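Presented as structure tokens, the chain that follows is alone, the form predicted alone.
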């Protein structure tokens, strides 16, 4: 298959998910399709409108026009990340079945058109592809491999995509249980927090069965802005832990800078602006800084999850004898913040651990 046809095929899949002809597309997918087109030069013109996409594809006789995507999508875990991810699938026209330990968290999605099953086993049994977004390794294992877990309902021809942030050993354990049923497995932890999840701007770090990756790529593109295939199971988990280790250390250092600037008589808000315009600019600083200067920490990524990821990253580093003293020091600060009752606050609340040391 030519690269041009592959690109056209990806765009067609996004359009076909709407189950509509070109006159009207849901705004989210129209935007995504337009964004895809802008990336596909020289095959398409920059200014093609969504209704022109299908006409262009028809004229081009795209090979995959008759190909169907998996009709039924399961989603397990509807927390701060899982809920908006599942909502985006529903809004894009996907047939979604949901489950969560606390049933009430399913209700908003059911009102949007999702189906509900009372166990991960039943979700996996009724769906072609099942996504799972759980809080920690223990939950991920239990939902996949425990009593009434997804592995009990899944089987040949089906796929399981774990988008939770876990360590490599956990991912490989779940992979083994899923593969033993004859199903396919993909780990796909995400980089991004609540707002990117809501906006469909996550980054997927995937590894595992390549055919399943290709099959679920359109769904990943609904929920995210980019995706990486990293090879064998464990590589996605490792990449996510490295990314979050860097992020946690950056936030700890940023917190020190805010407090130091204030101590020497500078305006920390001006520091945020200076940093945001320089070589060390990161969206995180501009997004979190103004609230941090007011001691406000609206939760986008819970502090307890950041500390968990640092702990797992340090374990990964130890397994390969890599020294990580900066991350280790940052981890201690997050532990102090947890002891102060800040576990469910945003991870930017780590600054409170430094205030306590003054």
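Residue numbers count along the first chain shown, from 1. A quick note: this is a predicted structure, and the numbers were derived from the prediction, not measured.
Note that the form predicted in complex with a small molecule isn't included here; everything after this is about it.
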Is residue 220 part of the interface with the small molecule in the predicted bound form - any heavy atom within 4.5 Å? no
Does the small molecule get within 4.5 angstroms of any non-hydrogen atom of residue 234 in the predicted bound form? no
Is the gap between residue 301 and the small molecule in the predicted bound form 4.5 Å or less for some heavy atom pair? yes
Would residue 170 sit within 4.5 Å of the small molecule in the predicted bound form, counting heavy atoms only? no
Any chance all of 93, 96 and 114 sit within 4.5 Å of the small molecule in the predicted bound form, going by non-hydrogen atoms? no
Report the stretch among 260-268, 184-192, 147-155, 222-230 that approaches the small molecule in the predicted bound form to within 4.5 Å, counting heavy atoms only. 184-192
Within 4.5 Å of the small molecule in the predicted bound form, heavy atoms considered, which of 159, 77, 208, 248? 77
Candidate from 252, 129, 178, 134 lying within 4.5 Å of the small molecule in the predicted bound form - any heavy atom: 134
